[in-house]
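Starting off, we have a lone chain in the form predicted alone, written out as structure tokens.
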Amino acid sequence: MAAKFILAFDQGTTSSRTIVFDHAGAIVAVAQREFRQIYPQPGWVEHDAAEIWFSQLETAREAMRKAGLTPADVAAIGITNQRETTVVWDRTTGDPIHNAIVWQCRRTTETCEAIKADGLEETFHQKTGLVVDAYFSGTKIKWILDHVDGARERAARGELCYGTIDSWLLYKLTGNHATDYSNASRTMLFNIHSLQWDPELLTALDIPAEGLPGVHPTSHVFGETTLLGGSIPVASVVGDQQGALFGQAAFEAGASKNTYGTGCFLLMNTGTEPVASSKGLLTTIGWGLEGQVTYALEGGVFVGGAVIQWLRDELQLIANAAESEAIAGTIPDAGGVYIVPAFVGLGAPYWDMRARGVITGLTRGAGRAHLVRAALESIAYQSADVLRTMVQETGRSIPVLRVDGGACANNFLLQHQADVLGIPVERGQTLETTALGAAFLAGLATGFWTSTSAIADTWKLDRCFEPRWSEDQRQQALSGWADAVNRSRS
């Protein structure tokens, strides 16, 4: 009997999950394990890579038990992962030589400043599509090689492996040291035009090529694992945000999605040619299918859902995130109040690390509901800044925005997003699009799904939010937002 299910490993920043999907793209079972966040000093963030591995393996076993599956029932495993988080491990023992350095960690800021001082910023940008920033993996590898005794010499002898979390999981599952185009494109070491690790960039960061993984298409049989009781192919690896774009069936150039999580990540499919950004967006690889690479533009909002956590935990204006929708709906508008939640600076399209959070437009009549509403609205305004920049830089109109992530349960937020953008916002029935994208890609590699059109047929609409504002209303609201942003930056 043919296998009927796909396992998606969804390795995130705070938890590891495994989701079982059936042929209709429906969720059959979910298992989740949280793991420790390690903060050695302010601005530094680490994970225990061994803990990540064990948590991921345990969730896989639990999800299979919940669904009543044997390995024969599973057609393939797909992996999606927190991007940029970096692990260096011993090639022989498989033991990490240091904690994983997490994408949020800012310890390599000085290294990035040195790259800029050496006049190499544009070289990195042209080759990788990225800005030079501590966010990306390359400087994290350099830091570990520089700070662990003997690591640099061992790396030169080929005794170490380094890579992102997907590479680490693949190695533990299959023994193979590999990654895919989407994750490689987030390292600041990979030439997205030649699809190779770039010797000039490796030299600039003093990183021996011997420790880097082989790079393959995103939908590809990377190896087989027997750790779940029988042989199962591992048939996709994809960075989490690119996985969400694929999971939204955004297969045509111009198709776009926004994931509303702690931050917000907007991606637009730009087709088979990379679009260079002059306004702070990232050019990245969306995915590689055998024989073809699809590129994307990406803009990140640092503080999305985190502003609602701030209302709850620091200001104690709400008891839980769900309450924010009802409170925002008790008033007709925010009364001219804007919140710019630049708690850690502003991301795309500003990339202003010195910006700080501000609240503008306060009057004696402003109260709890106005602040809650303005906080929710800030998520939509920040996302609109990124989307408008994408339209400007590609010359493509965006007919509709598909959305996912935890905050998508908030109908007020999605309606405001549609009003601000002036286009429909579509929420699908499956919000777990990151894992679904990994499942789709693994299914394509193994024949579980025969084509992207067959995958697109599984996408089902939950609700479409149509814009309600006039153009005058939209421009007035956006003008107030732009003024607030300028104040946060000055």
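Position 1 is the first residue in the sequence shown; the rest follow in order. All figures in this text were calculated on a predicted structure; none of them were measured in a lab.
The protein also exists as the form predicted together with adenosine-5'-diphosphate; that form is not presented, and the subsequent description refers to it.
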Using the partner position in the model of the complex, report whether Gly405 sits within 4.5 Å of adenosine-5'-diphosphate, counting heavy atoms only.
yes
Does at least one non-hydrogen atom of Gln309 fall within 4.5 angstroms of adenosine-5'-diphosphate in the model of the complex?
yes
Just checking whether Pro217 would be counted as a contact of adenosine-5'-diphosphate in the model of the complex - the rule being heavy atoms within 4.5 angstroms.
no
Within a 4.5 Å heavy atom cut-off, is Thr283 in contact with adenosine-5'-diphosphate in the model of the complex?
no
In the model of the complex, the residue from Pro349, Pro96, Gly261, Gly288 that sits within 4.5 Å of adenosine-5'-diphosphate by heavy atoms:
Gly261
Looking at Ala322, Ala117, Ala276, Leu315, which has any heavy atom no more than 4.5 Å from adenosine-5'-diphosphate in the model of the complex?
Ala322
Only one of 130-138, 172-180, 367-375, 299-307 gets a heavy atom within 4.5 Å of adenosine-5'-diphosphate in the model of the complex; which is it?
299-307
Can you name the residues of 410-442 that have a heavy atom within 4.5 Å of adenosine-5'-diphosphate in the model of the complex?
Asn410
